[in-house]
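Here you'll find one protein chain in two forms, each presented separately as structure tokens under the names structure 1 and structure 2.
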Structure 1
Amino acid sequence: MSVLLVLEQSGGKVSRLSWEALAAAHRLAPAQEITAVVIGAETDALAAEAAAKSVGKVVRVEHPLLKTYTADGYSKALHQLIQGQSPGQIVFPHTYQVRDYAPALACRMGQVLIGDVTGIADGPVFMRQLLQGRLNGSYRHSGNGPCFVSVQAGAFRADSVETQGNAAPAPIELFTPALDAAQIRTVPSEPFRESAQTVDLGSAQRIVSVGRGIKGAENLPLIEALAGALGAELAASRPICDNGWMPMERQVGSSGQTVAPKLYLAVGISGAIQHLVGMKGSQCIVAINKDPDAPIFEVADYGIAGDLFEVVPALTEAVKAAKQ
């Protein structure tokens, strides 16, 4: 059965996550049966980019009212496109934008999104994380309608997606949805940042990052001492910044900074995917967590399963001793 792949753009180019979603689509259907969809007010450049990849066809869903993303605009336009076809699956990258409208689009067709998929087995059976990564679940779609799937960042390899090579680019079609300004009920502003970023964790060589295991702001000096001994920058998981224990600019993860230091030492961090995407590229990952099954250990090179309140002071001493 055919697959519809909805691409997303970032800075005028098809986003990397979209190509990861294409890699996932290749698990579901041969390239000729994949239709890549680009959406916007002007989509020719995006369409040309997509047509060079191994897809069967590209559809440009174009309308002036799709210039900026709105849930109403996107779900209406895509609904009209999908109705005329009967794809087996509709695949998206699992982005903030997709989670904002794809469930509504699916609902409109009596479907649910199987979201944030990390793997696809024969069947197809879709794997996704449960309990913030502590367990995996396998899901199956039933019934006649199309199966809506969104793909987790980093789960499929964008570089495995081939281009058309010397072959001609895939054919491009234009689809003009019938949209009316009155149907779009929300008015979004331009994106903005809260404050100028003064800490650039992206260039740090060593990072000590702390999570909710630290219990309270009063215990942070423990972590600061370790960072000091290592000559490392301080960072944190989101709840630490949400609580105001550390400034938001030190947050690592999907809604914070992406870092790739030589050493990333995660203390009392469980390893939710939104944290992992911000630090997975680190050269050497160390985790200290009292729960030996914490998901952070799945990506760690070295782990200590223990109470951070005992391990961290001991580690600070050991680092100091090694320097002498």
Structure 2
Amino acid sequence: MSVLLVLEQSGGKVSRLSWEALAAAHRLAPAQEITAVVIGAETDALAAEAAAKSVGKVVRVEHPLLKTYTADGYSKALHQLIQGQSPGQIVFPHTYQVRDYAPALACRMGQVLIGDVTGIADGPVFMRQLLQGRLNGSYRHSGNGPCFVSVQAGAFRADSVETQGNAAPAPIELFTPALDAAQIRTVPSEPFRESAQTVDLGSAQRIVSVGRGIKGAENLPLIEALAGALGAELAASRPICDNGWMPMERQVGSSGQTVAPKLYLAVGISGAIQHLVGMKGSQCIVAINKDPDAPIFEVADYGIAGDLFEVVPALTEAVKAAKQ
């Protein structure tokens, strides 16, 4: 069954979350049955980037009215494309933008959006987290229309997406939707820009995260030294940020960022479900906690049950020695 993958751009390039959505699409269909879609007014570069990945073809949805994002423009343009393509599934990255227009698009076609999917089983059956990750729900699409799915950040690994290798890039097609300015009911303003200090933990390959076991802000240099030795980004659980010991932009969890680095080192973090939701998709989780029964050890690949004030300095020195 064919899959239509709607990509999103960030800074003139296809976003990392879009490649995670492509990894999810590969669970639904072989590469030759996946059509990647880029949207905008000038999509040549985005289309070429997508064509280098393992997809069957790329469709450029282009129109002057799509230069700036609007929910009306995107939903109407994609509606026309979907009617002509008739895919079995339509996959999106679960971003703020997708949450704005995808439900309206699904409703326009008499369907529902299965949002924030964290896993895909044979069937296909789509898994979502409920009650802040305390429960998992399984969903199966019914009906004759296409199945709309958005994929949670960090649930699938962007680095698992293969390129075409030595093969020729995927073919690229142009689709020009029939849009009229009167159909666009919103007037977009300048894109929201976060402060220059904002940290994108979602793109970090290594993260050292600290919890309330650190006891006080005066002890944070201990964690900073370890992160520096590993070349890792610093992160924290919610209590650390609530206390003002670290900025909120470094919080990981249900009310912070969702991350999936190659290495996630949790120091003094007990493992409340609100924190686990944001990091359990990490490739390798290492936990340091003096409580051997701490929930963090249930998701950890490696665990050290010990006093972080003894373990962390020794680990920092060991890392430095290994790098010499």
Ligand SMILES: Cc1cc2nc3c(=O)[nH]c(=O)nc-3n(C[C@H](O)[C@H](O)[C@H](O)COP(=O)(O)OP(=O)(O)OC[C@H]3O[C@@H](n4cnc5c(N)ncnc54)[C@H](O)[C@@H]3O)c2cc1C
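These numbers were taken from a predicted model, which means no experiment stands behind them. In this text, rigid core is short for the largest set of C-alphas that superpose within 1.5 Å between two forms. Residue numbering: structure 1 sequence, from 1.
Structures 1 and 2, same chain in two forms; the form predicted on its own is found in structure 2. After superposition on the rigid core, displacement of the C-alpha of residue 230 between structures 1 and 2 amounts to 2 Å or more. When the rigid core is held fixed, the Cα atom of residue 316 travels 2 angstroms or more between structures 1 and 2. In this overlay on the rigid core, residue 215 has a C-alpha that sits 2 Å or more away from its partner position between structures 1 and 2. Relative displacement of the residue 304 Cα between structures 1 and 2 on rigid core alignment is 14.0 Å. When the core is overlaid, the C-alpha of residue 275 ends up 7.0 Å from its other position between structures 1 and 2.
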